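Taking the form predicted alone, here's one chain by itself in structure tokens.
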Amino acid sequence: LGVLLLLYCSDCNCFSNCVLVSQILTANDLTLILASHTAATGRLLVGFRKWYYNAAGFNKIGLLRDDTIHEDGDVKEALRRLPEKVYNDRMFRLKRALDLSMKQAVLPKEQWTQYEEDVHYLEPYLEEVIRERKEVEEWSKK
């Protein structure tokens, strides 16, 4: 008879599937079980991210994730710092999306933005702007 073992994964704070053990597990065996659980959890998270990306709908009108960020002061400054080609590409995507929205239409499926193709083009500029703003705030406190 085997022993039913429920393993707790501290990486994702969940319990893994029950493992039927017919012998005493060594530390190496437990490491292999936990490693396979972590890999499965990673694949599950990627699958969920892809599903959510498609469910959000912005990819169906050709937008990238960074195209949907609310434009506050930091984002406007980051947009100002974008290279001209990247900025023009963004404006094309936004105008096309607005046109499709007015027509209540979506792009053909082969033109949808794929999860793997989504580039976070604005993120580095936005991080730099936020870092600079916080630095100025720190200096003004002194």
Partner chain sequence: VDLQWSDTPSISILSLVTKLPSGLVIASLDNYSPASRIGVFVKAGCRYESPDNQGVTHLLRLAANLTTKGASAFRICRGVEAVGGSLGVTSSRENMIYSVDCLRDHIDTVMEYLINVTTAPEFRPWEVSDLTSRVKMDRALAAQSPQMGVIEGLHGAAYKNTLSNSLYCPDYMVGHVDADHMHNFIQNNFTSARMALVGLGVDHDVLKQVGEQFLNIRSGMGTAGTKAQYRGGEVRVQNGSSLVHSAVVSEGAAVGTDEVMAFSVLQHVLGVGPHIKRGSNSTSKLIQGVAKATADPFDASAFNVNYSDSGLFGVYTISQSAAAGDVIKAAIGQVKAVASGVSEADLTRAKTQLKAEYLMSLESSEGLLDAMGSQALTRGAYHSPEVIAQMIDSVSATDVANAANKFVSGKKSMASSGNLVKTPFVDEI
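Residue numbers count along the first chain shown, from 1. As the structure is a computational prediction, the values presented were derived from the model and not from experiment.
If you look for the form predicted together with its partner chain, you will not find it shown, but the lines that follow are about it.
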Quiz item: 74-82, 110-118, 43-51, 95-103: which one contacts its partner chain in the predicted bound form at 4.5 Å, heavy atom to heavy atom?
Solution: 74-82
Exercise. State yes or no: in the predicted bound form, is some non-hydrogen atom of Glu132 no more than 4.5 angstroms from a non-hydrogen atom of its partner chain?
Key: yes
Quiz item: Who in 119-142 is close to its partner chain in the predicted bound form, meaning a heavy atom within 4.5 Å?
Solution: Tyr125, Glu128, Arg131, Glu132, Glu135, Val136, Trp139
